[in-house]
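One chain comes next, on its own, written as structure tokens: the form predicted alone.
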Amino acid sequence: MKVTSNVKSIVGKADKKIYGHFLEHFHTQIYGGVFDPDSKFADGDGFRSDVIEALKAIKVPVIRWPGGCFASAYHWKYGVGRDRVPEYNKAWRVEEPNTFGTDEFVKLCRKIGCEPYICTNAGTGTPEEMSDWVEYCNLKAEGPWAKNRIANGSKDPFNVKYWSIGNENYGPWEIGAWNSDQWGPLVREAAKMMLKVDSTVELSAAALSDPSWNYRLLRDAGQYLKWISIHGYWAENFDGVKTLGYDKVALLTGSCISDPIDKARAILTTLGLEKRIKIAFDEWNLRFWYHPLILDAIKTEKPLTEDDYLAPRKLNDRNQIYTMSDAVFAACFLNTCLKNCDVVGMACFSPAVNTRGAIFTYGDGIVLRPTYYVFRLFSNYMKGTVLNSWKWESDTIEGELHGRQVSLDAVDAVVTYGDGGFAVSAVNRDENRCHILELDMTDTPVKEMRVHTLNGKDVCSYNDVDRTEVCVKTTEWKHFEPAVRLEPHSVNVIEIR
């Protein structure tokens, strides 16, 4: 493939928040993940210092919390103060001890150096409960909830800027699901109350790529929103162990990623809101989380035991599931966000830790899964301005996906510019063949380059407690050569100065 770019032809400025992450009170993401006072790695506040250092190394810009489906039955007031009230979370059918609540989440974000992004309860919650949460976090001392925060040990406001009204409330699986006629008015009233408390916050609301849903939401509440929230998971769960073949994953990196963005963009543009409201792709991963049987208790006369629905969640912990397939998909997803940076301003990988996360914790340390290194490359080396690129002479990969033939460029590439140089993300989707990427930076003198390559010996390579098969190799700085050889199934960031 040959790629030509010019610094005078730009797509837009990339927002670092596209490298964001997500945490939910599911399985061991919180307890035993980021928060584990009994761990030998625990700091004075009970957080795992090894996890915090790993998240700092990938410069996590924002974390969304507390869910997810968990949020739709979560009452934040039980999770603050000295006398925490455990509650039974109906989404995940476990008792939530509320040891980790708002104060702990904000403290975690401060330790990492990222922005907190709070998802409110629009299922069993109320607009008043949501606005009280803003009061607790953001008011200096006015009102009972700001005073409550002070009494809990935080004199200064948390100044939480990003808030989401609800999570997937369009879905029948969600506690507190609404239809499109109900959703817009609920968001409107919640947004009004939240902005009355703090007019500087930026609000998002659960949206779909469905034009009808989004039209009603934006018609009723668009004047109060800065974001719309969309989600995407693409690979079937199967039995929690079997994985989707690399050939299918490679094909998923095409229009399957861009389609929901294109549809959300279309409705924003139709309503003239594309300059004021951005897309927050605030849950995404190649693989659905594995949690079977949650709703089966409603559908069957047979009572379900905890072993029926809790034990299968442990299958998410099998590190051999997460391979170079996941890394290639994640890099193509981030490339798609960069290509659409004029309208996509945030994305949250789901989740950060454990389950399908980039980091896996165990008693004696952590495992950095292949997706972790994708974020390390993008967040540390990609530049801030995305350039238009003209591509030709491209080889393709082809195959059948969802009953139709698909053809994609073998190499997915994005060119960014800033700080006196370029950074090019180049993903070779081809499982078996090397490809040459020829770079033409017109009208811009360049002198040196180096290449960071993430790969393993094959597409099934993975990292685990006893092995590191996927890692980054970096060349020395050398004289610029326009032709770069890309290994099969590899993720590359090419720095040029």
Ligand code: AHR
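If you're wondering where the values come from, they're calculated on a predicted model, not measured in any experiment. Residue indices: 1-based, along the sequence shown.
From this point on, the text means the form predicted together with the named molecule, which you will not see here.
Note that among 68-76, 332-340, 239-247, 258-266, the stretch whose heavy atoms approach the named molecule to within 4.5 Å in the predicted bound form is 68-76.
The named molecule in the predicted bound form comes within 4.5 Å of no heavy atom belonging to residue 325. Contact between residue 231 and the named molecule in the predicted bound form is found at the 4.5 Å heavy atom cutoff. In the predicted bound form, no heavy atom of residue 360 sits within 4.5 Å of the named molecule. In the predicted bound form, the named molecule sits within 4.5 Å of a heavy atom belonging to residue 283.
With the partner omitted here, the residue from 183, 372, 162, 92 that has a non-hydrogen atom within 4.5 angstroms of the named molecule in the predicted bound form is 92. This chain is displayed alone, yet in the predicted bound form one of 422, 289, 100, 133 has a heavy atom within 4.5 Å of the named molecule; that residue is 289. Residues are counted as partner-facing when one of their heavy atoms sits within 4.5 Å of the named molecule in the predicted bound form; in 422-439 not one qualifies.
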